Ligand SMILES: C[S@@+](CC[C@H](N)C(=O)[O-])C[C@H]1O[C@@H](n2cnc3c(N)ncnc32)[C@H](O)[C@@H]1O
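A single chain comes next, written as structure tokens; it is the form predicted alone.
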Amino acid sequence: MPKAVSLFSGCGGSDAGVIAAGFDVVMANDIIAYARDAYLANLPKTDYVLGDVAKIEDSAFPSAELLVGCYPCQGFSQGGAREADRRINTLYLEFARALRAIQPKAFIAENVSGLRRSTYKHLLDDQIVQFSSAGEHGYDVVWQELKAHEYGVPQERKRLVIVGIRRDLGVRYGFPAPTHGPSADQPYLTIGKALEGLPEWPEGEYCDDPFHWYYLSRNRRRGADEISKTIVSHMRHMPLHPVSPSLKRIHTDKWEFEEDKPARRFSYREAARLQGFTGKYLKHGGDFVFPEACTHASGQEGNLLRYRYKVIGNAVPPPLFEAVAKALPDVWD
């Protein structure tokens, strides 16, 4: 079984995908303590290093055939601060450092599709330069925007995926064709199908803050027979569950509920389902396990509900990453 090292691993979406594709993740890393705890509750066999990746020495990276990384994206995201000069935007340089140190046969990196916009295109270009020239041989690098719902994820989620194959291997990567949708063998997975068996009103599992003006500045609801809007990391901005009444547009950037009936956001457990955390992607084959306590690396208690939403919203959908990893050429011998 080929080995993989994972950076910016979060609660394990990327790693669940590569494990399903046949890899053994021998090291994971993130700076968020609850993400580590959630990861190990679901993927307990991995050595998870908690802390700033910049403090990991080159010699501490284990050897591996594959390097994966989903470095933070707040600086390019529609839902983030969108500041091109933030330090968080250059964490890809730590990924490039690990690439030089490990020199795996292949790598997969993931980020938000907003990286393609003209404001940030120079950062994407620099990533290609950094990754292409890494190590003794360098890498043949390709990138493409992928839509998660075309790979069995029941939500709209566009992501930019960068893949490289070490140049001395003499092969190139081809992105996988969609597996779901009108032109594929399977239909899109809907909200209703994904949430089968879960209660409509799970007590204590969803954010019940008031729907403020910003939340109602757009339509955040989809029906049970549709795919969900993007699952986000901020609990107050989580899309509406289909049990909620429909929204109608009043005027620009203002929506109202069509009926005076109860409405709610998706719960964190539902968000995990809508991210694709089910079945074969988890050690027990069931639903994602959320630890019952939230402790920061400093030892201080955190807001449990907020962190459950945060780590799930920041995750990579496992089915998407599995599809990308399975499309890698067989260069592992």
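Numbers for residues come from their place in the sequence shown, where the first is 1. Please read these numbers as outputs of a predicted model, since none were measured by experiment.
Below, we refer to the form predicted in complex with the named molecule, which is not included among the displayed structures.
- Proximity to the named molecule in the predicted complex, defined as a heavy atom within 4.5 Å, singles out one entry of A272, C70, L67, A28, which is C70.
- Annotated contact segment (heavy atom within 4.5 Å of the named molecule in the predicted complex): 46 to 54, selected among 46 to 54, 261 to 269, 278 to 286, 59 to 67.
- Using a 4.5 Å cutoff between non-hydrogen atoms, C294 does not count as a contact of the named molecule in the predicted complex.
- At least one heavy atom of L91 is located within 4.5 Å of the named molecule in the predicted complex.
- In the predicted complex, none of the heavy atoms of A41 sits within 4.5 Å of a heavy atom of the named molecule.
- Put simply, P319 is far from the named molecule in the predicted complex: not one heavy atom of it is within 4.5 Å.
- With contact defined as any non-hydrogen atom lying within 4.5 angstroms of the named molecule in the predicted complex, the contacting residues in 4 to 27 are F8, S9, G10, C11, G12, G13, S14, given in sequence order.
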